[in-house]
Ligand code: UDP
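Have a look below at one chain only, the form predicted alone, in structure tokens format.
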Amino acid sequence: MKKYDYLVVGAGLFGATFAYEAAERGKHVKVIDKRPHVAGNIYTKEVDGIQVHQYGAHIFHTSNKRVWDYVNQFADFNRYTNSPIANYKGEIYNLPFNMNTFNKMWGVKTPDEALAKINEQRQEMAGKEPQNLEEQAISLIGRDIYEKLIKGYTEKQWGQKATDLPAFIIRRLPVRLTYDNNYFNDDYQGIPIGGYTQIVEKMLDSDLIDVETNVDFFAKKDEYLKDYPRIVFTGTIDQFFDYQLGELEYRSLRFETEEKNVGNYQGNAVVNYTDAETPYTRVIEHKHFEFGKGDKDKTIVTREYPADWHRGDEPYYPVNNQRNNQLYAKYQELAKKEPNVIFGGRLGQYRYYNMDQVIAAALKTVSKEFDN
């Protein structure tokens, strides 16, 4: 067998960043992924000249200049600004909550009028410590916005009633007393022109890196542990340890993607459906990520359905409540007893990471591995 310095399990953003940096330092790396492609959840595929985000909308945003400069080595980014809208039973509202939202909701026109309305509605919780997500939301923004723009979406996303969800899930809500629909406050934001897959492909394009897809690490786990001196594992940490302490919880997603014979279906890249009756949380129209590129007479839309996670399903979001975080801490103790295995990424570190945070975490791991 060819001698490698590292086996990287998972060709997503964490694994690819580590593999790239290791190869830059002259290390031989084998990368495996159970999917038939690289790039993990940021994988994009061209259909009708449109870059389709196969696993949900991914908008790169960061205030970390080091990370922004780093990712720009591998792609040119456009100036896409994330400005999602909410559809509540046919009523359209701007997100995040800003003066456009408040004007549509209450007819207010000035920041003082909006703040007075918010404070009036917050009085429902005056003096009471929020005990659940519903009470926390009302204490922050009032009942009208909670009922129309938070409750249904959140209950679909988490698969639980808002009154059963812990208050800490929404410690704060973005509220802007300006007419500004830019969802993120970050200094840098955009979409790579030509999609995300190229970023990972370029990271892995080295004579020192070999990549294999459609490979299940767990089919030969013991063999891998024996044959490779160092392993970077980006899968679920509880599965690595055969769930011996119990299962961590995740939320999964299901996607329905279709081609439509219209040039412009919904007029926006992302529309959130915030009522309880609509079974999906959002509809993504991919061509709007790159300013209408692609076939002018066709468009690709994806409906995103949250789903309960069971073993064998794709885990998308860790459920970082108290019970799971305590269990993860116990798995971390087991991980310390695996000195030749590095656990990384959203699943390996059981943490909700944005893309910039994944890169930052990978670079931190690289520094710890090679620079100490």
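Here the structure is a predicted model, which means the values were calculated and not measured. Note that residue numbering begins at 1 and tracks the sequence as displayed.
Another form exists, predicted together with uridine-5'-diphosphate; not displayed. Remarks below refer to it.
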Query raised in the report: Here the chain is shown alone; which of Phe102, Phe233, Tyr196, Tyr153 has a heavy atom within 4.5 Å of uridine-5'-diphosphate in the predicted bound form?
Result: Tyr153
Report summary line: Among Tyr183, Tyr265, Tyr280, Trp106, just one has a heavy atom within 4.5 Å of uridine-5'-diphosphate in the predicted bound form, namely Tyr183
Report task. Check, residue by residue, if Ala22, Tyr224 and Ala362 all come within 4.5 Å of uridine-5'-diphosphate in the predicted bound form, counting heavy atoms only. Result -> no
Query - Stretch in contact, per heavy atom within 4.5 angstroms of uridine-5'-diphosphate in the predicted bound form, of 244 to 252, 210 to 218, 142 to 150, 224 to 232 - result: 142 to 150
Report task. Would you check, heavy atoms only and a 4.5 Å threshold, whether Gln157 touches uridine-5'-diphosphate in the predicted bound form? Result -> yes
**Report entry** 4.5 Å heavy atom contact, Tyr317 to uridine-5'-diphosphate in the predicted bound form
**Finding:** yes
**Report entry** Leu95: touches uridine-5'-diphosphate in the predicted bound form, heavy atom cutoff 4.5 angstroms
**Finding:** yes
Query - Partner contact for Leu173 in the predicted bound form: uridine-5'-diphosphate, 4.5 angstroms, heavy atom - result: yes
